[in-house]
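The chain below stands alone and is given in structure tokens; this is the form predicted on its own.
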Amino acid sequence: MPIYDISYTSLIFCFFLLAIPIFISRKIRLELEKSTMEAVFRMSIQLFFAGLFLNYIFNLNNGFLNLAWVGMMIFFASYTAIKSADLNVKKLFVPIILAIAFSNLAVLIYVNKFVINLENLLDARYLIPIAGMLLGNTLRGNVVGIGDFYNNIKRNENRYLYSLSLGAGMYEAALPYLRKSLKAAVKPTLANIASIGIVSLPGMMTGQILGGASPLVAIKYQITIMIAIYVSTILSATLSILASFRTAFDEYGLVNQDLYEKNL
């Protein structure tokens, strides 16, 4: 089956589609024209340079370089998760990056070794795209989970303090908020899993089919990826919140107020 490339001239026709949301924005006065153009411009530039660099990495296929690229992805995912949750980056960065790195790398290596059965676990063609899909989805779960957890404690401070005053330990008093936050973190992923195949054909499966793979092969990869995303999302969100306890709470179980100070 031939793989049809998209020429740069043809890509321009794709950009013409943006006239539709821009027209709607101007007509209804949504004021999204500037943000739309800026977002698409940034995406295009970032993907262009990422494509050039990934092409070099794929051709070289050096295990250490591949891991360094994944490490950079983890670094920015951790920073973005804390920043997007409106929390103190300096206070939470170390525990969050350790939690995200462990959960995503553990699931990634497991999938490459026991599911795909790769001889080279650090093969760039598998390591980097799968890591990107895991991190992209766990990032959303971490933003929701971490932000929801600490904001709920802040909004319900009196109830939380009352639990502590009755003799509850820090973990015991925080447990109801942890449960609620983790459910919120994984709910979008579960909804996505439940609708795949009937409501939508996901990007990875579509990409493989367009690339010439058998639909049955694409389905097996998609099942693997969705399970991996769900596991890494709930594991990453759980470990991120638990790992942050040491720096987020003082010895009396109270939340350090500088946690809510945004910086960097």
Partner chain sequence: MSVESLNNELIKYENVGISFENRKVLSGFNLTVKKNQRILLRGKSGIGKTTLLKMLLGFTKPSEGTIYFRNQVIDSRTCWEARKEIAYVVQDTDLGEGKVKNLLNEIFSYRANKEELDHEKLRSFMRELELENNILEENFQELSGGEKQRIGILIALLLNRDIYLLDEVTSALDAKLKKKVADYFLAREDWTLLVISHDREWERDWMETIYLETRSWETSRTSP
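What you see is a predicted model; the values in this text were computed from it and never measured. Numbering follows the first chain given and starts at 1.
Just so you know, the form predicted together with its partner chain exists too; it's not on screen, but the next bit is about it.
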{"query": "Proximity to its partner chain in the model of the complex (heavy atom, within 4.5 Å), stretch among 82 to 90, 68 to 76, 135 to 143, 157 to 165", "finding": "157 to 165"}
{"query": "Single option in 113, 125, 187, 180 placed near its partner chain in the model of the complex, where near means a heavy atom within 4.5 Å", "finding": "180"}
{"query": "Contact of residue 170 with its partner chain in the model of the complex (heavy atom, 4.5 Å)", "finding": "yes"}
{"query": "Non-hydrogen atom contact residue 22 with its partner chain in the model of the complex at 4.5 angstroms", "finding": "no"}
{"query": "Its partner chain contact in the model of the complex: residue 147, any heavy atom under 4.5 Å", "finding": "no"}
{"query": "Touches its partner chain in the model of the complex: residue 129 (any heavy atom, 4.5 Å)", "finding": "no"}
